[in-house]
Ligand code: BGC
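Take a look at this single chain, the form predicted alone, given in structure tokens.
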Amino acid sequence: MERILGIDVGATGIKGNLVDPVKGVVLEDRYKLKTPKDSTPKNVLATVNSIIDHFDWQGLPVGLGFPAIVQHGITRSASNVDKKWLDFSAQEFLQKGTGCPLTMVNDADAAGLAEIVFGQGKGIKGTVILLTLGTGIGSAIFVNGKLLPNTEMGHLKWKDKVLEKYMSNKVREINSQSWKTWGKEFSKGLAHIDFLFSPDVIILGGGISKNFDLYKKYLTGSKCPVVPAKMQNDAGIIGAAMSYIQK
């Protein structure tokens, strides 16, 4: 299959692009719309259909990454989207609503898939962890190239809350933290993850990955290398498209 539309649904933005899933590359300019403030299934579907219309992709294959646990097409969590997604038959709903053959996957798992095949995780034996830093913190973990789906490291217990309530990019922006202040705090979270999983490499994805040079010197908590995602913010789109051919 030469082209698949990859769509990456985030808590603040929904973006899509046509992807060559065999080569792991985007084929056109990325198209992005704001996630509806009232992010119900109905409203998100309307935005997804706008992206499908933009690419004139009616009735054609779509791979979609979503910020939730996605188990057999059912969204089992709804931390950063409307609670109507909780225990919802999301894949079936989106397939019917778009009229497209569609596969749905956790958004961080999608980004991880792209990085493990084409990016920073390619060829690495052992344990690879990808963390996506945005409104929350998503995660994907691979052992010898095999995905353990739907991990939620952003929800590891931390202080009186969970990791993402202290270390996400949204928290950095809300608190107007310098890269140094945020980097040192995030480094503590990396040390915790390193202790729990003993990874061989940690990959940082999401929009914040493009600023890696501004905070990398503060990330001293992990014993393993910490690197930015090779595909940066396109990883989720590419991996979502790849998930369609791996279903």
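All residue numbers are counted from 1 along the displayed sequence. Quantities reported herein were computed from a predicted structural model and do not represent experimental measurements.
The same protein has a further form, the form predicted in complex with the named molecule, not shown here; the description that follows concerns it.
Not displayed here, the named molecule is kept clear of residue 82 by more than 4.5 Å at the level of heavy atoms in the predicted complex. In the predicted complex, at least one heavy atom of residue 68 sits within 4.5 Å of a heavy atom of the named molecule.
Residue 121 falls outside the set of residues with a heavy atom inside 4.5 Å of the named molecule in the predicted complex.
For the chain shown alone, residue 108 is a contact residue for the named molecule in the predicted complex, at least one non-hydrogen atom being within 4.5 angstroms. In plain terms, the part of the chain that comes close to the named molecule in the predicted complex, with a heavy atom within 4.5 Å, is 129 to 137 out of 172 to 180, 113 to 121, 129 to 137, 87 to 95. Scanning 143 to 165 for heavy atoms within 4.5 Å of the named molecule in the predicted complex gives 152, 155, 164 in sequence order.
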